[in-house]
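Taking the form predicted on its own, here's one chain by itself in structure tokens.
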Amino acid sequence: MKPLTIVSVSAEVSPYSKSGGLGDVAAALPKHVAKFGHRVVIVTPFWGFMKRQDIPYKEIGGSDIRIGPDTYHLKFKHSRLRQNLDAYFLCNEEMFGRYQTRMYAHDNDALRFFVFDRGVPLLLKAINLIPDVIHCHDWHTGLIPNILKLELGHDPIAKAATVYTIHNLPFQMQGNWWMVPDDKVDEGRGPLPTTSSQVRWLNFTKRAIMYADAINTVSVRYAEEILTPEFGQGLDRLLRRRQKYVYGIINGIDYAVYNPQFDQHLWHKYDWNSLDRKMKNKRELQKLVGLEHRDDIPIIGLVHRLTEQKGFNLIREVLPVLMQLPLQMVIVGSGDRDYINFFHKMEKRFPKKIGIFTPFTEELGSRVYAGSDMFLMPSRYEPSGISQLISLRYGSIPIVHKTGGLSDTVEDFDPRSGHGTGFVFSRYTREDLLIAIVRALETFKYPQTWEHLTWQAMQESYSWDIPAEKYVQLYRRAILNHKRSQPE
């Protein structure tokens, strides 16, 4: 089958920009698809903080975008990454360049990504590229399928099929979708608005689901969950109507980045055949945090955004009980101030048992993955999850809620058969969470069993190679769907 040309569009792409897992995915997936011989073009905004980075690029022109009386001039920059892989940046000082820290949660998010989405087809025209597929990641890019389908019907760019990936369905637009006044709710039909005041209420995700040729989520289970009212975030009816276009592909992780064999942040590098060196990392972590130096006391690590979604309400409820058990806990993350304050208070009460580091840094994250025995991730819902995949590779045994990508990637450990890679609880209750943690603590008391479990977990493979192949299949399916949807 002929190689494809794919344009991958994302608001963030590591290492240029990253606020979470989206940046990792938007970097790793194109790289692995390009390895299979397909041409991949990455398109992303040029954020203000990127001016401080050493990015080899050249300017290749630009274009104007008019929204009512306002004109926004976009400049285009190009950087060659490797064979079959290029990055293009959309530059505008007002929309992107003046943002030196946060990319999101500003009062003009809708307008900024409206300009970005309109700019992508203009960039493709400027470089004379008509791709087979435009792959749109998350809500920030959700208007592109709408633009191609309704506004560029006779333009050569409209020949491209569109794939829309839902990374986290609650995020659909500027602000919270459930707080939109009834008279402002975007039904998603028809052309896009022509004035900036109307842009504010656009539901980017709804429009992407309505007009994309294929829709996918980042795990098989989450693709099933979002069809239900419980997980559908107000879009479950629409998703059920388009169910035959909805697919699930689990994320991978880049083992060139997340690998204890050559992670430069670690005190001691190791693999599954040198677990004694992992123990050395544990002792260094205890020393760093000020915990009691005990090999026989397990460390539970958490490397997360501190949000309700990640299960921190449950953790807060059970933490007083956990502090009475033979364990230690180290938390690394940024997020909700209430959670941060709570854990700081617990740190003062139990300085030999718990430590928290905020904000998140890659170095601290790596050290907790390597130094912890267990990894706690009781997310209320989890579209895919990358943290549990990293914890498996670093030999930190995950304790997870059976939902979304966590369900797809962590097998509950059976001490009788020796099969499994973690400890899984089904009901989202504090009682079930405590039972899962106690099961892990009891298993830890048997060193040979725990070593076997750790060795088994570290050999799990969640590289990007298989997901990348599945995405290529999805691209071909989207092309077929697109052809079928065209008028005779």
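Computed from a predicted model, the values in this text were never measured in an experiment. The first residue of the shown sequence is 1; numbering continues from there.
One more form of this protein exists, namely the form predicted in complex with alpha-D-glucopyranose; it is left out here, but the text below deals with it.
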{"query": "Stretch from 408-416, 163-171, 206-214, 125-133 whose residues place a heavy atom within 4.5 Å of alpha-D-glucopyranose in the model of the complex", "finding": "163-171"}
{"query": "Partner-contacting position among Leu364, Ile386, Val115, Ile147 - heavy atom within 4.5 Å of alpha-D-glucopyranose in the model of the complex", "finding": "Ile386"}
{"query": "Contact assignment for alpha-D-glucopyranose in the model of the complex, among Val218, Ile226, Leu74, Val400, heavy atom within 4.5 Å", "finding": "Val218"}
{"query": "Within 4.5 Å of alpha-D-glucopyranose in the model of the complex, all of Leu22, Asn251 and Arg305 (non-hydrogen atom)", "finding": "yes"}
{"query": "alpha-D-glucopyranose contact at Gln309 in the model of the complex, heavy atom, 4.5 Å", "finding": "yes"}
